[in-house]
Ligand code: NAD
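Presented below, as structure tokens, is a lone chain in the form predicted on its own.
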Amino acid sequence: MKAVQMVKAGAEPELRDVPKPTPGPGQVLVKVTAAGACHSDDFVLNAPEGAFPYPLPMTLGHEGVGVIAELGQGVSTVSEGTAVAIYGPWGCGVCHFCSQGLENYCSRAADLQITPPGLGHDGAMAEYVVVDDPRHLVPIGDLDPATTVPLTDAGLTPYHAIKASLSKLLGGTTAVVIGSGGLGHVAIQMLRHLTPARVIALDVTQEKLDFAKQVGAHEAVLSDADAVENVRKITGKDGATAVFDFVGYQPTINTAMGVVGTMGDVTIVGLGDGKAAASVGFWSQPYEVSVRTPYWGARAELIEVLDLARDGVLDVAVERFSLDDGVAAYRKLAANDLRGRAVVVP
């Protein structure tokens, strides 16, 4: 079968022919109908050699949906032919966090060498993928695979981030979204549906600001050296109640810390270059500001996100590629030349 694989650190991925996998006991083989390309993939691909202990070559794709094709020995809770989304942040299933459905925060994953598909072992950017346990599959019914697959990360991650601030985002408050791309444009829609807050979007080009307003942002501000001042002109002295940074480079983190108000939340979601950090201290930000760095989300939250999609709340912008053009999808991702999410449809 064909697969888009990371073959060498610091190099672009390659389309390769690899053996079709076979599910072992307790596992499920899924025929992939769509796989998403994510900035996390680009971050891993461009990391220096030795930065990640991933066995190479490795099939990319931590966002995946498909149809159950084969059941491993002992699997009886799911059925062949069912359309499913793959919950990506796998854990041990029994630790304190996993028992709450928060496998994204599994305390034993590193010790047990459990990794997400596409971020440690073969993922969904292929014709077939093996899922280690049926609990990591969520039925999608008749949802479109191409617009559903980004929800497994680009939907789940902002939803998890936003839920932590919902109690603060009341009438008269402001939410700021930095970066209106794959995750940010979904976050804007979620904020508009889940809260009465005014939503201000920041990005680096007028085209992206126009897009942010199209998907629901009340205001759009250029993300430049004057961003803090220009956002503050809108929020006044109160500042923003919640700021969601989907970029994560030092300038955007500085902007987030500069626009947040007293008792506000700053949530840093974007990986950036992996080096940026918020300056936190008694004199560094307004009183009682909370700074978070969430990771992905819970399986139950993925179910909730898919329910939002069924209700017609989310309009996910995608650019579709064939599996043969999967490498081209990653090139456009690296060039920041995408509107929404790159999706490979085998």
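All figures in this text were calculated on a predicted structure; none of them were measured in a lab. Note that residue numbering follows the sequence shown and begins at 1.
Below: the form predicted in complex with nicotinamide-adenine-dinucleotide, not depicted.
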property	result
Option from 75-83, 195-203, 132-140, 92-100 whose residues, in the model of the complex, bring a heavy atom within 4.5 Å of nicotinamide-adenine-dinucleotide	195-203
nicotinamide-adenine-dinucleotide contact at T33 in the model of the complex, heavy atom, 4.5 Å	no
Contact flag, T115 vs nicotinamide-adenine-dinucleotide in the model of the complex, heavy atom cut 4.5 Å	no
Close approach of S40 to nicotinamide-adenine-dinucleotide in the model of the complex, 4.5 Å, heavy atom	yes
nicotinamide-adenine-dinucleotide contact in the model of the complex: G270, any heavy atom under 4.5 Å	yes
The single option of V149, L191, A256, L183 touching nicotinamide-adenine-dinucleotide in the model of the complex, heavy atom within 4.5 Å	L183
Heavy atom within 4.5 Å of nicotinamide-adenine-dinucleotide in the model of the complex - residue from V247, A109, V266, A240	V247
Residues within 4.5 Å of nicotinamide-adenine-dinucleotide in the model of the complex, restricted to 204-227 and counted by heavy atom	V204, K208, S223
